[in-house]
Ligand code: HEC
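Next up is one chain by itself, shown in structure tokens, the form predicted alone.
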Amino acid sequence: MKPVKVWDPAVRLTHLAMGVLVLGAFLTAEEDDTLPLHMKLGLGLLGIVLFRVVWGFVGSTHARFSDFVKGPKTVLTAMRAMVRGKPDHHLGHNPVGAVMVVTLLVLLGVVTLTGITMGLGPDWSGPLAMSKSTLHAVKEVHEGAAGALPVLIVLHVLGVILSSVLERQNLIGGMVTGFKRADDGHVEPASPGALRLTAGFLMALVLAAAAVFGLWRVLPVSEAAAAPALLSTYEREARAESPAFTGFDAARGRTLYFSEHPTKNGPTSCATCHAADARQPGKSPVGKRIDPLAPSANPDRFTDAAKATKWFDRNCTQVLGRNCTALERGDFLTYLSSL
């Protein structure tokens, strides 16, 4: 038996990155304050999946789907051989392992894409403008797929261990070093040339990066961009209210934030309770601490459309004595997002 280079660095690094990002996504999935990080990890995971899929068509010999994805008959034959304890030797993924590889990639795609859909339509009013029932179904698919992921990962690891025992070689170590053992007489098929591999790598990298960057621009994944979906909603409403609408203005929003209005408790402005610097905690009239209003200091602010609507309805009535218009809400949110 002789060592043969099987897995290229791109395959090995994407394999490791997927494991790290999946673990990170699970650890940040439950708490509201880790939601922005959870979305960043999900975007990164989507980028890795997209890269690996493209690399599966343009990459090195054993990275290509054509090298290891086989038909049902071949898979069943390989399964029977494993049950007998005498599996055929495959330098790349064996046909049974290939089924798991493809299944995991598909499942990761479902998890990340449904998560992005939820991010683009918080409380059914984001850019996707889905109905409540539709987005609820998307959420169910997301959570179901995420729940199935650790089960498949465990089965994948167990399958690798079983194959290592049956084939009498360290498959886990092979994914780390890139080498597996082959018969002395084994002859490797011709590998794509260096120029072709470089071009394929750059294409996979650019496509994945473009997808991630494009989604990063519209998803509320950063503290300073906590409310773009809500602003899109207010923009549509403002255009409906006035054909002369030309866009929101942070300066008007600042004026609205600091303008005092007569109330039963005396002249009051938004800054009365929320502090002159909206990035700092405020205090209610009875002394209760209020979390910062600016999304840069409090990423949870204005990510929930229903809560945001309730907040505007209550506070506009208390300070202005009436509901705020869509223009005022948009100006106000634009100002807060600029801090």
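Numbering starts at 1 and follows the sequence shown. A quick note: this is a predicted structure, and the numbers were derived from the prediction, not measured. Definition used throughout: the rigid core is the maximal C-alpha set that superposes within 1.5 Å between two forms.
This next part talks about the form predicted in complex with this ligand, which is not shown.
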query	finding
Contact residue in the predicted bound form, from 52, 62, 301, 38 (heavy atom within 4.5 Å of this ligand)	301
Contacting member of 290, 58, 29, 69, with respect to this ligand in the predicted bound form [4.5 Å, heavy atom]	290
Segment assignment from 263-271, 106-114, 235-243, 157-165: heavy atom within 4.5 Å of this ligand in the predicted bound form	263-271
is_contact(residue 25, this ligand) in the predicted bound form, heavy atom dist at most 4.5 Å	no
Contact test in the predicted bound form: residue 318 vs this ligand, heavy atoms, 4.5 Å	yes
Contact test in the predicted bound form: residue 307 vs this ligand, heavy atoms, 4.5 Å	yes
Did residue 265 shift 2 Å or more between this form and the one not shown, C-alpha, core superposed	yes
Core fit, then residue 253 C-alpha moves 2 Å or more between this form and the one not shown	yes
Residue 275 C-alpha relocation of at least 2 Å between this form and the one not shown, rigid core basis	yes
Note on residue 41-residue 306 C-alpha separation in the predicted bound form, which departs from the shown form by 3 angstroms or more	closer
